[in-house]
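The form predicted on its own is given below as one chain in structure tokens.
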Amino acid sequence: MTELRIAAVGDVHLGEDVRGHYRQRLEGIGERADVLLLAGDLTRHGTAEEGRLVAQEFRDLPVPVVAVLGNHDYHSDAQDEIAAELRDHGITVLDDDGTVLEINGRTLGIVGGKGFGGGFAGKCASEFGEREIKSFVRHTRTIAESWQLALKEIEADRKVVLSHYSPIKETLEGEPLEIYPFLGSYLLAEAVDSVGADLILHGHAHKGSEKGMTPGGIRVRNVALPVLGRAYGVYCLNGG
């Protein structure tokens, strides 16, 4: 069966000074990939104006575009406006839910959202102590549970999880250890491993490494633009 070619990038951080430039780097994407996934931090400061710019850069491509937002996209409390702008331009935005695409006679399920932090097994925050700490961890746990449910409910030949925050620490290698709890959480990987998926894509860790794997054996790729060093990476899923 024909393989599915997943193009992905995160942390493009678009601003007015690069208007039109990223669009040029997407030329020919239809010949190299079947879908483009955007792993958050699409803007610099999360303004509605930047959201409109992002929508213009990624609209009307020859492949479907699916996105999640990142922490930068939340900075100005305009995340709902940014998501609406992207959707108005034909871009699917996931918010701890899923979508199914039909590609060359196969179905690709994509589940995910922003994700959140908390750290990794053995060195993580827990729902104990001050209300603020409990809320921090509970937010991640709620997100993980939503992904788990979405993965259970979605029916597709292949499944990809799209996140901004990392589900594993291996793709954070290169970042200072002190900030690992703010870059991701093991709860995200735990949720995906419990149901299963073919690939997890995330961004956020600009100084991290590209490749890793969940404890359950699912491939993880850090697609932050500074890590890739190219407009997008392409990851193939066989069509069997």
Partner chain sequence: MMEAPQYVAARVQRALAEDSRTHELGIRVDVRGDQMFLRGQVSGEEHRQRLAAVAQEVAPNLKVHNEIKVVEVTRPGEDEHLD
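All values reported here derive from a predicted model rather than from experimental measurement. Residue numbers count along the first chain shown, from 1.
Beyond what is shown, the protein has a form predicted together with the partner chain; the following relates to that form.
Asks: Would you please decide whether Arg52 lies within 4.5 angstroms of the partner chain in the predicted complex, comparing each non-hydrogen atom pair?
Replies: Because no heavy atom of Arg52 falls inside 4.5 Å of the partner chain in the predicted complex, the answer is no.
Asks: Mark Thr107 yes when one of its heavy atoms lies within 4.5 Å of a heavy atom of the partner chain in the predicted complex, and no otherwise.
Replies: Answer no; every heavy atom of Thr107 is more than 4.5 Å from the partner chain in the predicted complex.
Asks: Is there a heavy atom of Asn238 no more than 4.5 Å from a heavy atom of the partner chain in the predicted complex?
Replies: Asn238: contacts the partner chain in the predicted complex.
Asks: Although the partner isn't part of this model, could you tell me whether Lys207 comes within 4.5 Å of the partner chain in the predicted complex, counting any heavy atom of the residue?
Replies: Flag for Lys207 set to yes.
Asks: Heavy atom within 4.5 Å of the partner chain in the predicted complex: which of His75, His89, Lys134, Arg141 fits that? Just give me the one.
Replies: Of the listed residues, the single hit is His75.
Asks: Listed by sequence position, which residues of 173-205 have a non-hydrogen atom within 4.5 angstroms of the partner chain in the predicted complex?
Replies: Residue within 4.5 Å: Leu199 only.
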